[in-house]
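Starting off, we have a lone chain in the form predicted on its own, written out as structure tokens.
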């Protein structure tokens, strides 16, 4: 259908120096866990975004010199001409669809431990490096170092032109950039022309931008990416003080301003702790002090909000990282009037979590993310069905919903049976927990899409037995019956039941989500280490319970450091009065009390608790699958050619993993796969090999 005329403004071209973006959609630089390590995966992922309508498609950060080596992180690299070909592959993929390709040039300063290059890190002043708390210290740059750094940056800019990039981004954001570090008073104690007053501290950033403009600005646009506020108050950059002054100083120098807040956990705050558009109060001033185009981010998924930002003069272009991951075709869907088809980002930061784990990213909403080249999966196209058999999916959680949707998109006749009255499985339940409301988009998007398909039947309150599955007549069957939380304490720190877990006072997250509540004080025991332990403790504390949270780890919900929210979770619990007991294992549960032991010394500790919520591990609900799989002859007699368990029924994990498994089931229907079911990119062996 044609798009609503009110969205026309989003598709106006924008002039960026010597280049013109075809619309106002700008995929800002974002990490992805692929980079130089999996370059074809990275290039295909970026190319799909260009196909989806993003007028500007950016790289991740691209390191410019061995003194800025952030191994083991899998970012980009442009140290020499040797790095040009793989970046050119990304440029070609972006240009194929008429978009502009942007490269973000970076030297990470104190974040670069140089574990591979073994160079001494560089910084405005002497300071230990931050990455991994490595026993390495950066040295203060002298004038020769600064001149060398400027030359490295300019050399990288020239190489970017050779690779075909349309836009070069000079980076001073997220507390990750050497140029940005020079601006900050808490780092820069220099007494030369690069230290002291603000004009001096900004000098290096000005020089990088000016030198790039002088050398390549006639044919390549130059962007300034700058964090105007660090959300540290007077201890850091503040938008209404030095942040504003810096933009005013350099207002007309770059061809575009890409503005945000620092650090990364503030810029990419999860939906649990930040609403859509949370950065607007900090960046709103920028267009009042420059005539150049301005782009900003805010996890925007609502077209009306985007139009408002343009009409009200806050932004010229809508920047996005996570929304472009969740739906690479977001711009095209708006352009084509398909607003309801947008897969909205849920702000869970699983994409970030896999990048910070040094692995290719994935996405909860978009199961094809990272698989564009590796498996040849496209987010909007899927092969037609390979046979005329019907598909039965048992269970309408995230895996079942995605399996049903993707199979239906292939053209299969699909039946989805759900034991509960409501669809959504764990997503339905967990999205009702504090701060997780946006996660319901995983269910809502898929339920809506299925409701528009005439060849899909959905049956609620329809638990199925093995006999009913066999009698149904489906050729392809997916069992997506989920998992339940264990009550016995078995998990990472315990490989045997914890004494006392058979008492009535022991609950699980499932019990709490079902409405059961403890009596008296409660201990949440977290050996899971993702979000569930913290969110259950938050829920009960907000309901007025006296809550303690114990964990064998050194911090609450420790894995959420990968999703950039661990510190916020711990701060929230402390603010709610939750007693936190770290580095302690639960050893026994008794009436009114529990016994804990230090994970290092074994020293015992007693804690009052009238009830315990066990957050340790989950067990697949796979009895139906096991019953069916036990007799292959019975399956064959019923005409079932493929029986698969998927999602948490197969292996309890994240919601993203469940969605991926559902999608994979549908993609692989009728396929015979090799032992390694995806393409790999192997490093080419050097021809210059000889023993020392």
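Remember, it's a predicted structure, so these values are computed and weren't measured experimentally. Residue numbers count along the first chain shown, from 1.
FYI, the form predicted together with adenosine-5'-diphosphate (ADP) isn't displayed, but the following is about it.
Student: Taking 4.5 angstroms as the heavy atom distance cut-off, pick the stretch from 387-395, 197-205, 311-319, 521-529 that is near adenosine-5'-diphosphate (ADP) in the model of the complex.
Tutor: Residues of 387-395 come within 4.5 Å of the partner.
Student: Heavy atom to heavy atom, is residue 534 within 4.5 Å of adenosine-5'-diphosphate (ADP) in the model of the complex?
Tutor: Residue 534: no, not in contact with adenosine-5'-diphosphate (ADP) in the model of the complex.
Student: Quick one: does residue 104 come within 4.5 Å of adenosine-5'-diphosphate (ADP) in the model of the complex, counting heavy atoms only?
Tutor: Contact check for residue 104: no, nothing within 4.5 Å of adenosine-5'-diphosphate (ADP) in the model of the complex.
Student: Taking adenosine-5'-diphosphate (ADP) as it sits in the model of the complex, is residue 60 in contact with it (heavy atom to heavy atom, 4.5 Å or less)?
Tutor: Looking in the model of the complex, residue contacts with adenosine-5'-diphosphate (ADP) do not include residue 60, since no heavy atom lies within 4.5 Å.
Student: With heavy atoms only and a cut-off of 4.5 Å, decide whether residue 166 touches adenosine-5'-diphosphate (ADP) in the model of the complex.
Tutor: Residue-level check for residue 166: no, no contact with adenosine-5'-diphosphate (ADP).
Student: Could you work out which of 243, 298, 482, 173 is the residue within 4.5 angstroms of adenosine-5'-diphosphate (ADP) in the model of the complex, going by heavy atoms?
Tutor: Residue within 4.5 Å of the partner: 482.
Student: Would you kindly say which of 437, 608, 462, 137 lies with a heavy atom within 4.5 Å of adenosine-5'-diphosphate (ADP) in the model of the complex?
Tutor: None of the other options qualify; the answer is 462.
Student: Residue by residue through 396-420, tell me which have a non-hydrogen atom within 4.5 angstroms of adenosine-5'-diphosphate (ADP) in the model of the complex.
Tutor: 396, 397, 398, 399, 400, 417, 418, 419, 420 sit within 4.5 Å of the partner.
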